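The form predicted alone is given below as one chain in structure tokens.
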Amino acid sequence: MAAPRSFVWSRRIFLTLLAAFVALPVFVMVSSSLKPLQDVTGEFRWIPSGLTIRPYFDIWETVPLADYFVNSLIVAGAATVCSVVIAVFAAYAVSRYSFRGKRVFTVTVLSTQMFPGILFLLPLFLIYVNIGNATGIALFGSRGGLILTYLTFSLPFSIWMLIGYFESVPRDLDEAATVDGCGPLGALFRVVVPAAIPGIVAVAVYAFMTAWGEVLFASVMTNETTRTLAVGLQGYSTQNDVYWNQIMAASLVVSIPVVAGFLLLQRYLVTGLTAGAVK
């Protein structure tokens, strides 16, 4: 049965307005990144009077953007790998085995998402400083400390997501792998993990995006040498001027890895989030 014409046109109008609402800020960012600074700070024009790509070259000289880019890649990549590896083992154990405290563990993991991140800022700062003073291990102001910090946010959600996805994988596959001579780890890596690739990809994308765009902890837990992109963008605002065209250009450049990864892994991401949320 065909939908009423009024519904079809209402849907078209709504989707058109929604697309315009989403595309408008992107258009302003792109157009501002192609303008000279005096045009950006002057009267706003929808159609730029003059275009230049100079801001895309200046962004690498105004601040050490390349160093921030490397720091973000290392921190986000390491946090993603650690989060996925730990979550796979934890979720497999919870979904396949019964043990005392299993329900308490799952509830505790999920309940950590209720607290705002700023609540952990001071405790983590004091822990890192005290560990550094007692052992000489520099967690505060280091990439390793920032990676551990991001694990506290991404790991609980990753475990919870993979528990739901692993439970959707039939246990008969584990039993068939056991009959073929596989142990628990063999069944995990040869049967369960290949069947759960969409869920694992969804967890990896979530962990990477969480670490890539985080600002609060990165602004406190880093220094000049370990600063990430999200914090480094503040360098385009000085006491004398704000380089709005370079800010827009740098923001677009910074978003490329996340957007490209999302587009490449979109089908896995949608499948993984849907299957994990059902459980």
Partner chain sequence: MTTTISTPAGQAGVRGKAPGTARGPRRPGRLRRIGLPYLLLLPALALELLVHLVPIVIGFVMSFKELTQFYLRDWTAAPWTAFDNFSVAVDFDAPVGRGLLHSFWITCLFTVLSVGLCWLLGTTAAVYMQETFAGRGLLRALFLVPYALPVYAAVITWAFMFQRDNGLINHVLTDQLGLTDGRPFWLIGDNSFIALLTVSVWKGWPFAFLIVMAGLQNIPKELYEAAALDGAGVWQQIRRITLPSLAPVNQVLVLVLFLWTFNDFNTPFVLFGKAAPEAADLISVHIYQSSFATWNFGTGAAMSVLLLGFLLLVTGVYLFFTSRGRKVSHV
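Computed from a prediction, not measured in an experiment: that's the story for all the values here. Numbering follows the first chain given and starts at 1. In this text, rigid core is short for the largest set of C-alphas that superpose within 1.5 Å between two forms.
Absent from the display: the form predicted in complex with the partner chain. The rest refers to it.
K.L.:
Please tell me which of Gly144, Pro194, Pro170, Pro184 lies within 4.5 Å of the partner chain in the predicted complex, judged by heavy atoms.
P.N.:
Answer to the contact question: Pro184.
K.L.:
How about Pro156 - does it come within 4.5 Å of the partner chain in the predicted complex, if we only consider non-hydrogen atoms?
P.N.:
So Pro156 counts as contacting the partner chain.
K.L.:
Would Ser32 count as a contact of the partner chain in the predicted complex, using a 4.5 angstroms cut-off between non-hydrogen atoms?
P.N.:
Flag for Ser32 set to yes.
K.L.:
Is Pro64 close enough to touch the partner chain in the predicted complex, meaning at least one heavy atom pair within 4.5 Å?
P.N.:
Output for Pro64 is no: heavy atoms all beyond 4.5 Å of the partner chain.
K.L.:
Spell out, yes or no, whether the shortest heavy atom distance between Gly136 and the partner chain in the predicted complex is within 4.5 Å.
P.N.:
Answer no; every heavy atom of Gly136 is more than 4.5 Å from the partner chain in the predicted complex.
K.L.:
Where, within 48 to 74, is there a heavy atom within 4.5 Å of the partner chain in the predicted complex? Residue list please.
P.N.:
Stretch hits: zero.
K.L.:
Could you check whether the CA atom of Leu18 moves 2 Å or more between this form and the one not shown, using the rigid core for the fit?
P.N.:
Leu18 C-alpha, core-superposed: shift of 2 Å or more.
K.L.:
Superpose on the rigid core, then tell me if the C-alpha of Gly183 is displaced by 2 angstroms or more between this form and the one not shown.
P.N.:
The answer is no, as the C-alpha of Gly183 shifts between this form and the one not shown by less than 2 Å after core alignment.
K.L.:
At a 2 Å cut-off on C-alpha positions, does Thr112 qualify as shifted between this form and the one not shown after fitting the rigid core?
P.N.:
No, the C-alpha moves less than 2 Å.
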